[in-house]
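First, one chain by itself in structure tokens, the form predicted alone.
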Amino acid sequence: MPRHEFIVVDPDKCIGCELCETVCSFVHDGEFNPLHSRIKRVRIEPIINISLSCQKCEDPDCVNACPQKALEKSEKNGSILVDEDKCTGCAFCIRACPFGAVSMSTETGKVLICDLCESIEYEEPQCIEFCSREAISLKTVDQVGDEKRIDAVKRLLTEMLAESK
């Protein structure tokens, strides 16, 4: 099974400017409306700003929860695709998502999930393209794991060096 890439946001670079949300809503719906974004800014006062989108779960709870079978995992990039003709807006998928990455359009009553701009055929998700802080990137689970291990070793080495002084 292929390891799909998903959006990762560096919390050290993200300033919570909401540009990713604004760009997302514009490229998908033609309007600057962060409520209709497929990426969501999360602000925990006073210090945390980060954006979050679909994590491309291997066995997605949102797909399994949909009684209308309106959600399907893309073979191309692992994105969850929404069949708007089948979606009734029941919100079972929203409740099922462990990351809170699924939302509902206030205008259409249909589900909004990041598809890495697959539905509008951009080479790269536009939130990445327009992030002025370069805080957003595409990574695989393996890449994220490698980075976490490297960071953990660096922290351990720093602590060991500090203790030896």
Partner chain sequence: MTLEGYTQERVNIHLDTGKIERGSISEEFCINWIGGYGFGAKVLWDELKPGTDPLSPDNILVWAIGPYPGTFLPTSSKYGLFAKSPLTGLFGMAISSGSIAQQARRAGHNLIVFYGKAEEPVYIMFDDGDIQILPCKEIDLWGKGAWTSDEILKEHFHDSRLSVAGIGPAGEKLSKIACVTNDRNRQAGRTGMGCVMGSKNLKAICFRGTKSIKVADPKKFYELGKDFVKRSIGTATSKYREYGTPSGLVSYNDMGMLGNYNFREGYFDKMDKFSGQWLDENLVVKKVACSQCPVACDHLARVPKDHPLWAGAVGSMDIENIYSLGSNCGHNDWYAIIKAITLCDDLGMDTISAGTTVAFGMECFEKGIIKKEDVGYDLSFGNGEAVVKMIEEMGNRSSKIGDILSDGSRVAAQKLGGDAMKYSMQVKGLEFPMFDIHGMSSFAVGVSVSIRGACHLRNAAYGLDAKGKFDRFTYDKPLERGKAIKAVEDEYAVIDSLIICKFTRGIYADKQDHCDIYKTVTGYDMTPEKLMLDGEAILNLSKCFNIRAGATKADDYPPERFFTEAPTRGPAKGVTLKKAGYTKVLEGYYEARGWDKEGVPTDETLKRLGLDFVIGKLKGGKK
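Residue numbers count along the first chain shown, from 1. Not measured: the values here are computed from a predicted model.
FYI, the form predicted together with its partner chain isn't displayed, but the following is about it.
Screening 94-102, 57-65, 41-49, 108-116 for residues having heavy atoms within 4.5 Å of its partner chain in the predicted bound form returns a single hit, 41-49. Under a 4.5 angstroms non-hydrogen atom cutoff, its partner chain in the predicted bound form lacks L138 among its neighbouring residues. Looking at D12, you'd find a heavy atom of it within 4.5 angstroms of its partner chain in the predicted bound form. In the predicted bound form, its partner chain lies farther than 4.5 Å from every heavy atom of Q143. Using a 4.5 angstroms threshold between heavy atoms, E147 stays clear of its partner chain in the predicted bound form.
Interface residues of 119-152, taken as those with a heavy atom within 4.5 Å of its partner chain in the predicted bound form (partner not displayed): Y122, Q126, E129, F130, S132, R133, in sequence order.
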